[in-house]
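So this first bit is one chain, no partners, the form predicted alone, shown in structure tokens.
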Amino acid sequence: MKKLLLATTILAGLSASAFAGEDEIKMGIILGFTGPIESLTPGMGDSAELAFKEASDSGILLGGKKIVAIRADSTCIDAAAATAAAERLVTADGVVAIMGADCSGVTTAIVNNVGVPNGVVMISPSATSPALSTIEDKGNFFRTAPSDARQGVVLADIVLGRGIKEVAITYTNNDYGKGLSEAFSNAFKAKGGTITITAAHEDGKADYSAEVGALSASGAKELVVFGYLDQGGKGIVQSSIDSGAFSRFIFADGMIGQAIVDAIGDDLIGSFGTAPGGDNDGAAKFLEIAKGKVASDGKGPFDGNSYDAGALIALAMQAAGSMDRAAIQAKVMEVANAPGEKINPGELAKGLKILAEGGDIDYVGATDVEFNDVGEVFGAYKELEVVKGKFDTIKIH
């Protein structure tokens, strides 16, 4: 049923694009609407579309044009399928830019095989692999979520700060899991921590008892899970609880979401982790405008990043005064960074008007956007803990 609904959504998007007139702008959204983070992506897609709608409803975007969003499924894990979906967006649908992709492996594949060859700007809200910092993107790839090179250090500090000196680690066997595991391990060991075992796991298995048995046999009492909340990571956690191997878990962003709390229940109380996000005025404003309009009311771990990615594309297009792909690419850094009038969520009309009049803006957004020279953010992280049936923010790092 879920795949049928997705197909219906995509077909609706394709139909809308097929009849898009000269006053409409086709924009791609490619996320894993099926796969290991499928409980997160509805909110991410909605958040980007919220920004597109805000820009369209202003009546100011390129003299009154409207954005038509076309969704495609990255699957999060199948690079070939993700590349084919992105290729359709670019060639058949003729999108001018792409919000996405999401998971690091498929994002890398799309950048290399579609984004760069076609000169299409991609702004990912959630691809966090450190390897993406050095990808040969010819200036076409940006991300509003910070690199796991930073998340690994932040999480290591949090774990050690809680007095935990020894852990076992399991990670999903892909670019995201490997990069995050390495960043965390290096930081944790450099600051005096001990890792008893580091073991990969595959997504999509029905039984994780063997993996959990090996992790438990290492002697660690705490388990770090660098996986996905709708796939292997969830399976590892459930098997650990069922066997009594581990009772508290340490997560990173791929495991943060209400779906896993709902699935596991009270056994997850006390588990903690990190996800991108801050506590600035823009974050509060985003939650205000997202309530009732975005799945999870904009509280998903990458919802704010997705809104920001969508907003940046619209603002860059306005700064360029054109739907030309190369012209959009040339203006992303300019609208994202100082100097200029600061723009928060809900203020896109203000930003579009300033740009239309030849002024400068500094888009701050929901996640305090400021790009470095390779188009990625330093970013802040939330320290979250499961309390009374949900992830509560404990502190901002």
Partner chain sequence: MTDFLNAIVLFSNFVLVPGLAYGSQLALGALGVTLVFGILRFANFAHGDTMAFGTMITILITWWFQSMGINFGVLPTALLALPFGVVLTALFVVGTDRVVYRYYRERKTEPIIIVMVSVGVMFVMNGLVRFIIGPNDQRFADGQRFLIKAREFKEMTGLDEGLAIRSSQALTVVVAVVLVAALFWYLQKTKTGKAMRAFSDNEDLALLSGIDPDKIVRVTWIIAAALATIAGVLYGLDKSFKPFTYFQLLLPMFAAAIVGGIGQPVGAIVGGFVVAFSEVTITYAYKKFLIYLLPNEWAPSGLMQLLSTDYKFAVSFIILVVVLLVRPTGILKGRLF
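Numbering follows the first chain given and starts at 1. We call the rigid core whatever largest set of C-alpha positions still superposes within 1.5 Å between the two forms. What you see is a predicted model; the values in this text were computed from it and never measured.
Although it is not shown, the form predicted in complex with its partner chain is what the next lines describe.
Heavy atoms of Ser56 never reach within 4.5 Å of its partner chain in the predicted complex, leaving it off the interface. Shown alone here, Ser209 lies within 4.5 Å of its partner chain in the predicted complex, counting heavy atoms only.
Although the partner is absent here, Asp297 is not a contact residue: none of its heavy atoms lies within 4.5 angstroms of its partner chain in the predicted complex. Mapping the unseen interface onto this chain, Asp242 counts among the residues with a heavy atom inside 4.5 Å of its partner chain in the predicted complex. Stretch 224-232 is the contacting one of 249-257, 224-232, 308-316, 282-290, since its residues have non-hydrogen atoms within 4.5 Å of its partner chain in the predicted complex. Of the listed positions (Ile197, Ala187, Leu268, Ile158), a single one reaches within 4.5 angstroms of its partner chain by any non-hydrogen atom in the predicted complex, namely Ile197. Once the rigid core is used as the reference frame, the Cα position of Lys221 differs between this form and the one not shown by 2 Å or more.
Relative to the superposed core, Leu132 undergoes a Cα shift smaller than 2 Å between this form and the one not shown.
Superposed on the core, the two forms differ at Gly244: its CA moves 2 Å or more between this form and the one not shown. A shift of at least 3 angstroms brings the Cα atoms of Ala259 and Val369 nearer to each other in the predicted complex than in the displayed structure.
The distance between the CA atoms of Lys291 and Asp230 is at least 3 Å shorter in the predicted complex than in the form shown here.
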